[in-house]
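Shown below, as structure tokens, is a lone chain in the form predicted alone; questions about how it binds or moves come after it.
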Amino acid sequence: MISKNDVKYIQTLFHKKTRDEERVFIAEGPKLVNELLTARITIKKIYALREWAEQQTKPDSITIVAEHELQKISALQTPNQVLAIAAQPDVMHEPNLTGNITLVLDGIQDPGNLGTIIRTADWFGIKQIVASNDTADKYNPKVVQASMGSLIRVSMWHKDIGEWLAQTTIKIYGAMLNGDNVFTANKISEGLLVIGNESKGIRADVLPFIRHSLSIPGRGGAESLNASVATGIILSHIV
């Protein structure tokens, strides 16, 4: 059984301010929670249905809840067996740009897009993302769900992108509407790839830093591609 105080506390964790203060995040569903349990992530608390809990090796660390109780604390339309409160891993170092491809996100505000971009980066072996200060929070529950566990393998820093790019000597690529055809682009092993806002693209104060623009040729009538889809297509051709 879950207490009223626990319900209230968990509900506050859906707000970034409280997550930042408590240095925790919420993960839901068997696949995601199992990934956290096998990774070096500190799990603060687990609330689960009995059928899930009985499959675990340490049932004493789990609070058994009924379906209607899980509904109260879940952010999902259909709660999925288990909810965990996990500690946010500390990121002590700065991103290592040498010999790596680093994603730079300029104003990605949709949590679903960000989560998918993190998952896509993980698929292509990219371990670091630098994001503008107005990019969605990595630990937003929708980002966590969409990343499907990849957020524990991909580090992310929030910075003033313009100031940060001005200080780097690494090659900077940008996803643009009028750039070089990504289908014929050379593979790269080092560089920064800037992905712009879902509707506005790369900001005017960031554009001067782009030295190599990349475009995805289209054949249909769509005005543009979803940011996460574009990221996946570009990475598939340049990594």
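If you're wondering where the values come from, they're calculated on a predicted model, not measured in any experiment. Position 1 is the first residue in the sequence shown; the rest follow in order.
What comes next is about the form predicted together with a further copy of the same chain, which is not displayed.
*Asks:* Should the three residues 34, 140 and 152 be counted as contacting a further copy of the same chain in the predicted bound form, with contact defined as a heavy atom within 4.5 Å for each?
*Replies:* No residue of the spot touches a further copy of the same chain in the predicted bound form.
*Asks:* Please identify, from 156-164, 80-88, 113-121, 129-137, the stretch that has a heavy atom within 4.5 Å of a further copy of the same chain in the predicted bound form.
*Replies:* Every other range fails; the passing one is 113-121.
*Asks:* Quick one: is residue 198 in contact with a further copy of the same chain in the predicted bound form, heavy atoms, 4.5 Å cut-off?
*Replies:* Yes, residue 198 sits close enough to a further copy of the same chain in the predicted bound form that at least one of its heavy atoms falls within 4.5 Å.
*Asks:* For residue 225, is any heavy atom within 4.5 Å of a further copy of the same chain in the predicted bound form, or not?
*Replies:* Output for residue 225 is yes: heavy atoms within 4.5 Å of a further copy of the same chain.
*Asks:* Even though the partner isn't displayed, in the predicted bound form is residue 219 close enough to a further copy of the same chain, meaning a heavy atom within 4.5 Å?
*Replies:* Yes - in the predicted bound form, heavy atoms of residue 219 and a further copy of the same chain come within 4.5 Å of each other.
*Asks:* Should residue 24 be counted as a contact of a further copy of the same chain in the predicted bound form, where contact means heavy atoms within 4.5 Å?
*Replies:* Residue 24: no contact with a further copy of the same chain in the predicted bound form.
*Asks:* Quick one: which residues from 63-80 get a non-hydrogen atom within 4.5 Å of a further copy of the same chain in the predicted bound form?
*Replies:* None of them.
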